[in-house]
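Presented below, as structure tokens, is a lone chain in the form predicted alone.
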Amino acid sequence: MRTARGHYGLKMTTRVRASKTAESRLDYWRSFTFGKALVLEADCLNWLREQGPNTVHAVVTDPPYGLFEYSSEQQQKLRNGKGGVWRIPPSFDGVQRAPLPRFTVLSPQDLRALELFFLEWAKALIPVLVPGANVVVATNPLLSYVVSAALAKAGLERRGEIVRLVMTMRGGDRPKAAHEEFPDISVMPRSMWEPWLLFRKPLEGRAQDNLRKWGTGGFRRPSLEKPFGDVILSAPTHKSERALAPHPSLKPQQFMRTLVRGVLPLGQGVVLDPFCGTGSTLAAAESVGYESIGIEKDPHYFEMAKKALPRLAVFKNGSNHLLSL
């Protein structure tokens, strides 16, 4: 069957239901379900354009920061351990650190392509969202301005940022090939936080009106005494969790569950992750009892999610108590 832009795909015979509140009008995507989660192998732009209006209540996603590092060629280099645009860090104290994309190599054309992609994505997303739906998008300090500008230009309302307070291995390095000459210099600060952009679809009327009609327009409080905060204490994803879902951008379930729980103010609705990878957002939604939909374009990660999602949903370790400040 013919799809957009002259590409062709194999038509599947199984009818796919997106959720109780969002039903696909096409029937050619591979999919699987686990609990209240549905995962589809599809291009998220094509999928969004086929959905009915006002069917998704929140978005939590960690998209590719640049399109280049998730191209087929660069992903194959990553899986072969050859790097490409992905930097394979050296081991430290016998521990192999996770690959990191080299965002500093993005050209002005790459940045423009990134902006245009997120502009197109947001325009396709907005009709699918109910009024007041939160849209939370992971990014990084080098590229957040590009993504934020595109989402605002598309018509989403900027509501600030959520800070994942975490010590990463990015930055802090001395000048390459001149570290002995400049031993007291860091080219970039060592990253100790990660920005998650916070947007929402504009409300219908007042917040209380929107909450009554759509169930959206705010954040679920951790308790009656404590508001949802925009700083969430976190930690790098533990190797035991990465073993369950070996995705280069995997975020820990502790952080994801805190974040996902908060995006549905009344604890009801559908959470969408249009770049779901191995399903960590959906696993977090399953853990807190929410319906969720995940879209993943890469067949490799789609297959990985089949095993990873159920395991992540029940994952526990010794530090399950996060604070939203």
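One-based numbering along the sequence shown. Nothing here was measured: the structure is a model prediction, and the numbers come from that model.
The same protein also exists as the form predicted in complex with a small molecule; that form is not shown, yet it is the one meant from here on.
Judged by heavy atoms within 4.5 Å of the small molecule in the predicted complex, the contact stretch among the candidates 29-37, 285-293, 42-50, 257-265 is 42-50. The small molecule in the predicted complex comes within 4.5 Å of no heavy atom belonging to Thr168.
The small molecule in the predicted complex comes within 4.5 Å of no heavy atom belonging to Phe315. Heavy atoms of Ser191 never reach within 4.5 Å of the small molecule in the predicted complex, leaving it off the interface. Looking at Gly269, you'd find every heavy atom of it more than 4.5 angstroms from the small molecule in the predicted complex.
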